[in-house]
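Structure 1 and structure 2 below are the same protein chain in two forms, each given by itself as structure tokens.
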Structure 1
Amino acid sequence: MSETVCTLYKKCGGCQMMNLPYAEQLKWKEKQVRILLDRFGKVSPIIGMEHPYHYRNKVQAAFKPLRDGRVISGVYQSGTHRVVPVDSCLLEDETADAIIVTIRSMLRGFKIPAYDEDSGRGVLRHVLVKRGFQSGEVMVVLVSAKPAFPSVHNFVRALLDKHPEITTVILNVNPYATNLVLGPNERVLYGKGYIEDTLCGKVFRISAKSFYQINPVQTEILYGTAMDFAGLTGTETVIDAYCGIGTIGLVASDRAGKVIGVELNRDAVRDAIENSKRNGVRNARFYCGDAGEFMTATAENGGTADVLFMDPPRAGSSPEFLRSALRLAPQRIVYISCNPETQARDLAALTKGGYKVRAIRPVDMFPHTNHVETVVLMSRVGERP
């Protein structure tokens, strides 16, 4: 494969590994996993991406006025609030990038000033675009510093003329001095206010704020690996811990007796419940709360589970979670992690408590960045305590 190197590679900082050919990146990632997890079992080769470009289905651009009246849009340089102008990015969805450039070119004609973080003047702060990989549906979120957005309806009409592929437009108001892109209030300007996409045969609703994996091609491979590891036969009770919008649990629901999902973020839980209805899933329940506390309560109430999927954030699981996992004593644990360091720490606790690692498989979810994702299968040695 010919290698493409981005001209903004050093300035932007988003792709830490763009200087290496993709095959070398994969080797490096596999080695990181091997260094940390080899002591638990054999690390299988990493699954790379066939076309490791333009995979990001969610694109965010910051807007900034220049002194001479021009407006730039792009990404914040890593760790700063300096905007690096980006018109097209090798990782981002190309339709999303084109829409952002069009919006920038329309601002002057509609007399819409870009927001200036230093003076607090201006209107348009960010544009967020999400695109359904399978469905092709496109959401555009205009993030405004003020509730009043000049001639917004004419602006949206003109934008839809240029990009008929857009299926919904949202105005989000973020008046705060914050690092968060989206503010609390939003108004649907066009379409249904969300997009849908299909992942592993299930349809998921994606709203402006909800979390959704950003690389759908590799997510199918990741979840597919997790399902293979889980070895479900249709009767098992499955826990999906740290379930987000319920993706793993809902994908597992066809092959399980019962699915129980737990997640801290209330909006995500609401999406998970909607998603189970949308797919006619009747054997899944989703709960809002801390995964550790939920597992402890389940164990105390005499609950059981056959298979535990766990997909914690970078910090890994809490000691309470790991203790209650050992008490619940599922036959198999499938641990998906975006941080092999905390995963190694948690595997040490679980293997000490009676589990053995049976398979370790890294999957490259974020080509050209230094992030690694790893799925680990464990099973219980001996009888339930």
Structure 2
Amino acid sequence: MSETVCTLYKKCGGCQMMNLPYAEQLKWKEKQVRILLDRFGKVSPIIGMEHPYHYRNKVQAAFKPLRDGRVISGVYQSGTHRVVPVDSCLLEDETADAIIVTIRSMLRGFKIPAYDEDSGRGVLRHVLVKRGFQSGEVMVVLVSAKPAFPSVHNFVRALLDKHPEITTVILNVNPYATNLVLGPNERVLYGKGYIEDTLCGKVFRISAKSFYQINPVQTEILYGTAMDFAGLTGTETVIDAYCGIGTIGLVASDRAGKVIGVELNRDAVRDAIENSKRNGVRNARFYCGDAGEFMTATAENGGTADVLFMDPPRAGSSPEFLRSALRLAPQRIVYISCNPETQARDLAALTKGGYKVRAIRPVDMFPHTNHVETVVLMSRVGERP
């Protein structure tokens, strides 16, 4: 058995490996990466966490009313919309968990009904909490099924009395029948509407909708590995595809000549631009658009890039994106992946296109789950890595 076991892990389904000691989890993950990626090159030993608990700096809870009038909050059972009641989770930030429990306890006193998916009645659907690992700043997002949230300002004042560590509160409205937690409209109820956190020496602005790695301790290791692989000397032109709020590109900016970030999410690009200003970075530009189309246009106009950082979603990169990368033909590609299966597929396409894998390093970003991140360095055949 593992060092610490959650009593809910079988029912919840979020921690598929909680029954294994952490050292055994790491062995299993490294083996999976070797099975998938060994054919491309030598897989280095996995980097695990020293303290693999309470690492999630983003916590979201679904709320559900029961027939007896009580309200439960927690996580959806894996593959379902059944809410498993959770007050504290071994993976989640403890401050975030405590805030969610407090909000649930306040609902009855403020006559705020939890949302019922079956009937479409009720108000509070979810609560999302984000906490800055270094800054300690805390964002609370109340996700409402209706624009009108009863006694919202009094509710927020009472919440702040109980949790003065909260630095901003946002009301997000999601009236749609959807699997998405957040809706399109939101308004700031308290604070500045975002939090900031420091990662790899850079300060990042984090909004409710923007993506930010949920395990900052391992993210510093992940990005540090990516920077080492990139081998930047201060003169290179770097493209950060799928750049999000600019984390990888801004971390690379100290070592590169020029950084170009491309991202489809307009909110994330706005945050990336603000993050660039906040850190006094003058050699980075961020664009809202499709990264593949951007690289194709760059190549057609005679542009080049020395290093391409790519960090796609779990589905991996599209064939169109990979073709555009091959057309641009950067000297080196640093591929960060949260899914080695789709990464193996993409590496096959890139190696057929003239690249060779030079280094592979797994990093355990999500202890007690079956997920693993990998960083892969590629360079064009015939060039030094």
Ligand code: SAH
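Basically, rigid core = biggest C-alpha set you can superpose within 1.5 Å across the two forms. Residue numbering: structure 1 sequence, from 1. Since this is a predicted model, take the numbers as computed values, not measurements.
Form assignment for the chain places structure 2 as the one matching the criterion, namely the form predicted alone.
A displacement of 2 angstroms or greater separates the C-alpha positions of residue 331 between structures 1 and 2, with the rigid core held in common. With the core superposed, residue 318 shows a C-alpha displacement of at least 2 Å between structures 1 and 2.
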